[in-house]
Every structure is written in structure tokens, then in C-alpha cells.
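One chain comes next, on its own, written out as C-alpha cells in the form predicted on its own.
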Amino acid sequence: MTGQLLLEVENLVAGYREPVVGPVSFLLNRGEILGLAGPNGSGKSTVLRAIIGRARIFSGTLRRGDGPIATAVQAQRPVRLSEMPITGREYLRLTGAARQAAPPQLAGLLDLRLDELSGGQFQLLHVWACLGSPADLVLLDEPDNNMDPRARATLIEVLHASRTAGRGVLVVSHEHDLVESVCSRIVEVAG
């Protein structure tokens, strides 16, 4: 299943009222982690929004591979209510990520309530909710937001371990060291 095309983006120009990014081109295959890198404000998140139908495509093409392709999206700032009386384990079950065991590095978060987690811990759990889901295509928008160095190291370990899952992962980040450490290829988005 590795190598099968999941997403083809060719000369994509996208935005909202007017274009904010492009042209951008890349292919993403199963078993691959692709980095979309560039400075803040360069339009990386807009590319993700175009992929999921939340930004306007002005020109170019965006094509998914054959067959149904389930997609999981980790937003740059996932919604987190001030009171969330469910545990990390319950959250993973609700998101469909409980179908496989969470990595051992996340064990300490599973029995805590979501409103007891730090911003970085919640972000890490949310990334795993996407990676542990049955999705074929995982879109991660600035996945290391709010993370301290320890949580970021865990994120990198979890991303490395996800390579064998047969899915494609698109990591958006302005942190070049993150994409260089986890991605097999990097596409630069000009600012």
C-alpha cells in the first residue's frame, strides 16, 4: 500500500477574497511524511484549508487519489473549552484514535481530564487523535504549537513511528528543524 498516490496539488493558487498563496505543487503518497515549510504568513495553512474545501482555489488543480480517502485535520489551535470533563482516553475514543494503542510516551496524559492538561500536552494528544485515527490522509498544521522541548521530542518520536501506518501525513510548519527531522521531502512556500 506504500507509494499509492493520496494527494496531487499542481500549481495551486488559493486564498479567500483574493489569492494569498501559490502557485504550489506537490504529490503526497501513502507511507510518506511531507513537509510544507515557510515563514509565518506565507499561506501554508491556506493550502491545508484549500485541501479540505475551506479556502477558495483560484487556479491550479487539487486531486485526491482513487477510492475513498478519509482525512484527519489537526488545526493550528485546536478548540479547547475551559472546562472539558473528559479524560485523554475518552477523547481518543471519541475521535476514533482508540482503535490502536497510544504511544507509551502519552500514557501519562490518558487518565487526566483535558482541562488539566497544559497547552502543549493537549496539542500532543490532539496530534495523536489524528495520527491514531483510521484516516488515510493526516493534515497537521503547526503541530508543535505550545509545546515545550520534551513534548516536542515526543511529537517527533510519534511522527517517526507513524511512517509505517500506510497513510500520508502533511506537516505544515515554519520551524525548519521540525520538518527536516520528520519529513521525507519538504516543499517551500514563499512568503
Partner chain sequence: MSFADLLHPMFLIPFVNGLLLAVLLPLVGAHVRLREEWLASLGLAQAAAAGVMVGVFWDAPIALVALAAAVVAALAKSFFGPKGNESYALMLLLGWTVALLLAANSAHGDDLSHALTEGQLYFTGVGHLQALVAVGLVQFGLLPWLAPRLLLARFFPDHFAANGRPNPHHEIVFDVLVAVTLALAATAIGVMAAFAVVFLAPWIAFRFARGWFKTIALGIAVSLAAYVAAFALAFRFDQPIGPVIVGVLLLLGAARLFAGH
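Residue numbers count along the first chain shown, from 1. Predicted, not measured: the structure shown is a model, and the values here were computed from it.
What comes next is about the form predicted in complex with its partner chain, which does not appear here.
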query: Heavy atom of H126 within 4.5 Å of its partner chain in the predicted bound form; finding: yes
query: Distance check, L114 to its partner chain in the predicted bound form, heavy atom within 4.5 Å; finding: yes
query: In the predicted bound form, R56 touching its partner chain (heavy atom, 4.5 Å); finding: no
query: Non-hydrogen atom contact R49 with its partner chain in the predicted bound form at 4.5 angstroms; finding: yes
query: Stretch in contact in the predicted bound form with its partner chain, which is absent here, among 148 to 156, 23 to 31, 127 to 135, 37 to 45 (heavy atoms within 4.5 Å); finding: 127 to 135
query: Neighbours of its partner chain in the predicted bound form among 39 to 71 [non-hydrogen atom within 4.5 angstroms]; finding: R49, I52, R54, R64, I69, A70, T71
